[in-house]
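Given as structure tokens, the chain that follows is alone and in the form predicted alone.
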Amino acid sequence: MRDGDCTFDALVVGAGPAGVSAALRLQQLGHRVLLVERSAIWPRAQVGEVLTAGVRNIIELLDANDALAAVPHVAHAGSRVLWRSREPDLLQQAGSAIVDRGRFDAALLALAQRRGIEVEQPARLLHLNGAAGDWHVSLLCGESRSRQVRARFILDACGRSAASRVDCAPRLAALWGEVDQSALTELDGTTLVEALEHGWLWAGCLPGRRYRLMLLCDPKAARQAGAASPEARLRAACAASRLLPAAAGLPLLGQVQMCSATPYLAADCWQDGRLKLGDAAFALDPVSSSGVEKAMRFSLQAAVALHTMLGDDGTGSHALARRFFEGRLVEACARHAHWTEAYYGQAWCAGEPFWQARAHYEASADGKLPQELLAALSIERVRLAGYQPPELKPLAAFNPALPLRLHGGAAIVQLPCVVDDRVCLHTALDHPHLERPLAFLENEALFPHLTRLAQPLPLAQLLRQLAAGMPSHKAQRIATWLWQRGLLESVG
């Protein structure tokens, strides 16, 4: 398969956090990667500066702590949130930070180059021929140099596209500008979030003593309201707020910018031999500020799916990798949409049309889009809507003399899981008291240990079975965890 120095296991298009995370992880797993970035301007201006606490685990997995240590950032000093009532709440968000996104992206790309990942920048794809496993790619590098390469798989991390997609919420637009932080000293470094009748405001400190003001609103409603400029709309929103009226008249550091912020799921995220990552695959509602983390995390999952296929050319391996990839993608979008609907429904102004539309939304797609993907999204949403956290049973009510068995509502299912960096089918426990099927608990496989619990089993025998494959203290904790949540029931 290999053709000298011009054949790669994966060609990654797009050097943002999603693309570079996938490239770094694939290289860790032993694969040869070519990273292609079309932008010649680097570091490039970028939004999405909030890094939630979960990014730290991803950076550690990629062994990128040293590379990112010098990236300018502002440690999160907490948030003042005016949402459920007309009075603000002060919330702490341990571990999160606001970074200079351009410098963050540049540091990740520089790390990839130091690790030996080949990078073409600026470069773009001119022609693509061949098929999965043997793509023939023509690149235009710089202004005139052409290059021919071969790649087994292509990962598209090029960002948002107008191609076929399922919108997971009503249309949303972001308008933002920046002011000098020294003019707002009373804010004391906190991030502000405020619900307004026709949208919501986010404001926070950026590295370099800049303070960003951002309005999230319905673009159609904004257009219908008149021909006011984006700057006028942003200033009007600040003037109408309780937390940011002082910012309404401040001079801006540059022009107000706009972009789409509609959450969506790309309908063609998996094509034979071509996968989409980051904003090319999905976008989340910015109300959670977790978009960068989720994009990077999904790239790691995509890398595992690709690693599985690269290690086994069989159709079964490819089908399992696809099931895992699409399942994780649908789950991420459905869970986020479920959470944001509930959050929008809690706003003090939840009766207004902007909020009503977002608290009660049913994703839809035209006939050109795969109905299977829409159906999977709908099924996951129904499951989440019906989930009720179990009321934990007190340990004082447990009778060790009575045998145990799996609850009558439990089901044993086959679930795609990651084991040793590859996707495999693993037996899992499903039950209405679980948000998702459960194959592992405390990093221990539940099956085949629990298989015999279809019939009553004495506690001592159950603990012996569990302890045969794990430390006895873990066996006791797992049995307790399952019983308290009603997944095991006493018989007698």
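One rule holds for the numbers: they count along the sequence shown, beginning at 1. Predicted model, so just to flag it, every value in this text is computed and none were measured.
Omitted from view is the form predicted in complex with a small molecule, to which the following refers.
The stretch from 63-71, 453-461, 424-432, 41-49 that comes within 4.5 Å of the small molecule in the predicted bound form, counting heavy atoms only, is 41-49. Using a 4.5 Å cut-off to the small molecule in the predicted bound form, each of G16, A123 and M214 places a heavy atom inside that distance. In the predicted bound form, the small molecule sits within 4.5 Å of a heavy atom of D279. Using a 4.5 angstroms limit between non-hydrogen atoms, L234 is distant from the small molecule in the predicted bound form. Heavy atoms of A174 reach within 4.5 Å of the small molecule in the predicted bound form, making it an interface residue. In the predicted bound form, no heavy atom of Q356 sits within 4.5 Å of the small molecule. Residue A157 is the only one of A157, L306, A247, A203 with a heavy atom lying within 4.5 Å of the small molecule in the predicted bound form. A heavy atom within 4.5 Å of the small molecule in the predicted bound form is found for exactly one of A75, C259, A401, L392: C259.
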